[in-house]
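One chain comes next, on its own, written as structure tokens: the form predicted alone.
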Amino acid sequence: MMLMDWYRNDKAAVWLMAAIVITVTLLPLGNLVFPADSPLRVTAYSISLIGKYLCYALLGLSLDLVWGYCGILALGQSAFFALGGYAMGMYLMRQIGSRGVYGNPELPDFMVFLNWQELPWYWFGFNQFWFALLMIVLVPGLLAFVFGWLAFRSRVTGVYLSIITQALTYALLLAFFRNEMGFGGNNGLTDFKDILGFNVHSDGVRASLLMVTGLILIAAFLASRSVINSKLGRVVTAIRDQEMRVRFIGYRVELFKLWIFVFAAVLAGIAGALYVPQVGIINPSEFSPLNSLEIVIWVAIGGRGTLYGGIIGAILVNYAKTLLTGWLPEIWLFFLGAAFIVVTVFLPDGLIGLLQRLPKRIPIRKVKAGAA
């Protein structure tokens, strides 16, 4: 009964979730069941590519929460994404053990190359999967909490908040580029072998990662939808529309902003953690401020303030990126910029808003008998 009520109230969301379930079910089967020469065979590359799109969809969802519903144009989501990715990458590096190029059972290859004598203290514990999972949530969430508390308590809003979130991202980019930070410098973390004892490059693991990513995306969507439909979500939306009025009523606006900001950062960190084993690398370029700007474009094109607009926008834009960078790589950035301008000027509500404005059915004019 509850499912039918949800379908009547939000058909688009139900169809989107159904499409994700079908995708993460049929594609792995096409990869594992059919032989390599079968036309129904889904390649390992396609599995990883779709998995990457779903990670980006989760990242787009996280920005839609803070921008579409709270009105915070955060240009630092890529920082939380990268931190979650580094936490997963550190776990995967510790699983290599003595199978690295230099055969050191404790130190990753880049540390041996740089003549490190012992493992840094902040790498301790990452040989355990449960500890890595904890850090994937805790590190982005803690950074968002500290940053958000200072910013929202000081009532930094608008373009100023966007600028300092981008400055935070750029500062982390510069820090992680340094070899002495102990995160692989410019090359980052790569050459992963195992995850939970299974070969991370095997078809079965790739298919499993795709399925897990899809299920987590659905869970994140449902959790976000529950938050937005709750009293907290209604207050957050009111803050977006009339912040001063909500403040005068008596609500502590900074706490509501902080809550949604931290929640979105945790979702971005989880997206980064799912991204790394499927792509096979994490490096400081993920902190790039340009990446955060691209996330904004995903959400704007899909339609902000809808949740599924961020998901659809992320998938469509990145699919277009894959096609265009393969055919005409030099025009990709021009295409992206043009798409953003067109959406901003002609489709302020994105593609989702356009679909919602389309007529439900085409009216049929009655013609009198005998009329020409």
Partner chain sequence: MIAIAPKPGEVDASHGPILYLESVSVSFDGFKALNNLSLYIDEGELRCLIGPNGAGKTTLMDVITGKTKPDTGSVFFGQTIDLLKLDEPAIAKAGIGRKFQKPTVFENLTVFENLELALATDKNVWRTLFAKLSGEQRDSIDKVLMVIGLSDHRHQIAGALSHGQKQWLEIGMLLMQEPKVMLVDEPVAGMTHQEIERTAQLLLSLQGERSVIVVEHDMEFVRSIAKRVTVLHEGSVLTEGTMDEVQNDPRVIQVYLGD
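No experiment lies behind these values; they were computed from the predicted model shown. Positions refer to the first chain, counted from 1.
Unshown form predicted together with the partner chain; subsequent notes refer to it.
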(request) Report yes if all three of S230, R234 and F256 come within 4.5 Å of the partner chain in the predicted complex by some heavy atom, otherwise no. (result) yes
(message) I'd like to check something about V205: if you look in the predicted complex, is any of its heavy atoms closer than or equal to 4.5 Å to a heavy atom of the partner chain?
(response) no
(request) May I ask you to state whether A238 is within 4.5 Å of the partner chain in the predicted complex, using heavy atom distances? (result) yes
(message) Considering non-hydrogen atoms and a 4.5 Å limit, does the partner chain approach R155 in the predicted complex?
(response) yes
(request) Consider F248 of the chain shown here, and say whether it contacts the partner chain in the predicted complex, taking contact as heavy atoms within 4.5 Å. (result) yes
(message) Just to confirm, with a 4.5 Å cut-off on non-hydrogen atoms, which of Q128, Q242, S98, N186 contacts the partner chain in the predicted complex?
(response) Q242
(message) Based on heavy atom distances of 4.5 Å or less, which listed stretch (272-280, 174-182, 222-230, 82-90) is in contact with the partner chain in the predicted complex?
(response) 222-230
